[in-house]
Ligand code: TRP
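Let's start with one chain on its own, the form predicted alone, as structure tokens.
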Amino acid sequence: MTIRVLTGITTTGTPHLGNYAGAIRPAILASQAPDAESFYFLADYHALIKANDPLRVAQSRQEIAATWLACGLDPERVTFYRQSDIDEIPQMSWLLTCVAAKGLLNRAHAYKAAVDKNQEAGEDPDAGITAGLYMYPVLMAADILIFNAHRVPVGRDQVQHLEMARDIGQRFNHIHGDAWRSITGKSGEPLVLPEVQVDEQVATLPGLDGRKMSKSYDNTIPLFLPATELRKKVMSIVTDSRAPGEPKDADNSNLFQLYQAFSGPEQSAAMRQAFADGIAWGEAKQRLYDRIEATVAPLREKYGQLIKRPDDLEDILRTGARKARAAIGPGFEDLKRAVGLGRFAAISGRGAETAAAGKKLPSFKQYRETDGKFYFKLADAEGMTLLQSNAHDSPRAAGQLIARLKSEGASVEETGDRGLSLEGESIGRYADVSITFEKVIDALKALREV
């Protein structure tokens, strides 16, 4: 099975070494997996929430596009596009806005942090807070759900946004799922609920002062500095006062952490031994500079060529946008029709005739409970819940069982405790004492025949 993986790239600021080691390099390696269909996009609509200088936004978009390509992202292998080139994304954002609960958005970390900061300063809670910041999670949900992405790799600080995207997508499926099934004649749900993927191994590099390398701390080392300026930055890294010949603690050295990020196991082991032997800080910094320069120099050359050819960058991204829109395909029009939009001519189409005839299908509905587990229900054509599933650790596990029930439903058996099993594996229980085994089997047969 091909897994569709989607990664958003924020277009603010200038890329630095921490971005490269912590996000760019591992993402490009992941894009080469044979079972992955990878989508990478420049999140330039999101950039407008944080920046209002048009020249800076434009410059950052170009720099970041050139950076990813220079670092090895293959536009022939992946779909690489600008968010702002896909007109369907803001349209999708509005469809989701109309089902997103305000209470859910009130709990978004970024919005809450801004409110708390205002209150601490004695200001109005919403002073200076834009609707863009408040609606950020909905736009992010649109980015993901319109492509039916299966996985979205994120840092731990972005997990909440992915969970909110799932909640919003689930709400859309619940409200508009029946109409969508009537229009398309398909079973299942309109929107795929994405699986959160947190990579615990992603490196967080220290900056010049030992804190996390971040633009907000002004402690970054820009990725494509000229060699002489790169060396000056490396030589300015803060170290302790241990003299040459005195053993140094590699595990607690921000300089050693940087060296590790740009070295192989053998080189790292040799540097660790040099620390134990009392290497002078100046020599250690020179070795670090040499490792970084060896990695960055060929990338810097490619980056310089790309920056000088903006028309080539434009062609690559426009080609990517065409691929992205082809991946969306007619599915977005089906979503619009499911909410009552689209061409008037569609009213006389197959979906409308099916709906007018009153032909409805049973459906599965997935959701997440407060215990953090994932569940699903099977409802009949009238919406009555027939089956309540057991708990699952991931949405994928729940989805896989749903797929089995659709294809193997005739093999479901009744257990003595009003439960149901599939090939000896317990799958759940009747939702109510009035539900019969025959109703469940009929519903599963109806889905299989679609």
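On a predicted model such as this, the values are computed, not experimentally measured, just so you know. So that there is no doubt, residue numbering starts at 1 and follows the sequence shown.
Although not depicted, the form predicted in complex with the ligand is the subject of the following passage.
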query: Candidate from 64, 405, 43, 387 lying within 4.5 Å of the ligand in the predicted complex - any heavy atom; finding: 43
query: Proximity to the ligand in the predicted complex, single hit among 140, 288, 96, 296 (heavy atom within 4.5 Å); finding: 140
query: Any non-hydrogen atom of residue 14 within 4.5 angstroms of the ligand in the predicted complex; finding: no
query: 4.5 Å heavy atom contact, residue 223 to the ligand in the predicted complex; finding: no
query: The ligand contact at residue 179 in the predicted complex, heavy atom, 4.5 Å; finding: no
query: Residue 6, heavy atom within 4.5 angstroms of the ligand in the predicted complex; finding: yes
query: Partner-facing stretch of 181-189, 98-106, 375-383, 132-140, counted where any non-hydrogen atom is within 4.5 angstroms of the ligand in the predicted complex; finding: 132-140
query: Heavy atom of each of 10, 144 and 152 within 4.5 Å of the ligand in the predicted complex; finding: yes
